[in-house]
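Heads up, the chain below is alone and in the form predicted on its own; it's given as structure tokens.
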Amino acid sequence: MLLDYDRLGWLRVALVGFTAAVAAFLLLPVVFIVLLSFGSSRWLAFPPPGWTLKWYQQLLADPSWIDAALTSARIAAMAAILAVVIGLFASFSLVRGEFRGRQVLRGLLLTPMVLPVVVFAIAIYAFFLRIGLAGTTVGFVIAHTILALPFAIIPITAALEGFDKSIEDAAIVCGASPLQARLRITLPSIRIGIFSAAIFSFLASWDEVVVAIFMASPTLQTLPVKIWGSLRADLSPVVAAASSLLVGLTLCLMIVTALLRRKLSR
């Protein structure tokens, strides 16, 4: 191995320290915003003069915040379902298909992941404005499905590439139809990839803000758009409370995903 951890000697301490520093650099902003959400100051002041839960009470008592959270959850769920279904068919084509331009197609399907989000947002907003989908739930779901599609294709494709197709062929030889073999053998075997695709697609839509700002309307706002709008109008700790809940749900989903992946892989 190029890097044997047991033979690093004193470099192990440096490696652990460097890793801890990187983790702290990434997590400190999250810790900072969570602490602000419990501060008693009416502004985003740090360190807080005291501690309180009143900002969470105000947040949960405001129907506009609840509506924004439910809108985010509804759009993210629909985008995740569509991304997984489309990603499943696309992954079968990319892994099992034998046609010219397959790698080009793979690159095109993954383009939303590397394309600057603001460029994509301007382009799809201009297109949806022309066909009347700007500011609608349908437009929102389509835009977020496109953004979530790479996060569905990557894990499903990896699961399919790791699946032994001879098992599916054996089922067909034993009398199953190709469709039955895929439904009863292949799909259960790649369920971890499908489950990961669903979670990552949901999260890609759940905390997305740039495209959401373009697609939002006065009556259709997701939670990140609501946070952004409130932050521009008032530096209230209620924004910190909403951000903390957004981060908290994301972390919970990631932990549940890791636990279920471990359980399913046994």
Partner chain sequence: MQGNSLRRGSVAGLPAGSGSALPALLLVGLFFIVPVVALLLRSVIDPEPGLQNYAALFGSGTYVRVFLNTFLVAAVVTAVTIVVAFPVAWMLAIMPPALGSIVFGIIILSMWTNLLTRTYAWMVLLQRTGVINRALMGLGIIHEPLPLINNLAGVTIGMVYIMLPFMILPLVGTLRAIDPMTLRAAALCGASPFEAFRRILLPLSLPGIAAGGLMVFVMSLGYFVTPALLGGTSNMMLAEMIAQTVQSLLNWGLGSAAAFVLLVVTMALYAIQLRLVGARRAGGGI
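If you superpose the two forms and keep the largest set of C-alpha atoms that fall within 1.5 Å, you have the rigid core. Only a predicted model underlies this, so the values are computations on that prediction, with no experimental measurement involved. Numbering follows the first chain given and starts at 1.
Keep in mind that the form predicted together with its partner chain is missing from the display, and what follows is about it.
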Original post:
Just to confirm, P116 within 4.5 Å of its partner chain in the predicted complex by heavy atoms?
Top reply: yes
Original post:
L27: heavy atom within 4.5 Å of its partner chain in the predicted complex?
Top reply: yes
Original post:
Taking 4.5 angstroms as the cut-off for heavy atoms, does L149 touch its partner chain in the predicted complex?
Top reply: yes
Original post:
With a 4.5 Å heavy atom cut-off, would you call A240 a contact of its partner chain in the predicted complex?
Top reply: yes
Original post:
Out of I192, L160, I86, I185, which one falls within 4.5 Å of its partner chain in the predicted complex, going by heavy atoms?
Top reply: I86
Original post:
Within 167-186, which residues have a heavy atom closer than or equal to 4.5 Å from its partner chain in the predicted complex?
Top reply: D169, I172, P178, L179, R182
Original post:
Does A69 show a Cα shift reaching 2 Å between the shown form and the other one after rigid-core superposition?
Top reply: no
Original post:
Aligning on the rigid core, do we see the C-alpha of A45 shift 2 angstroms or more between the shown form and the other one?
Top reply: yes
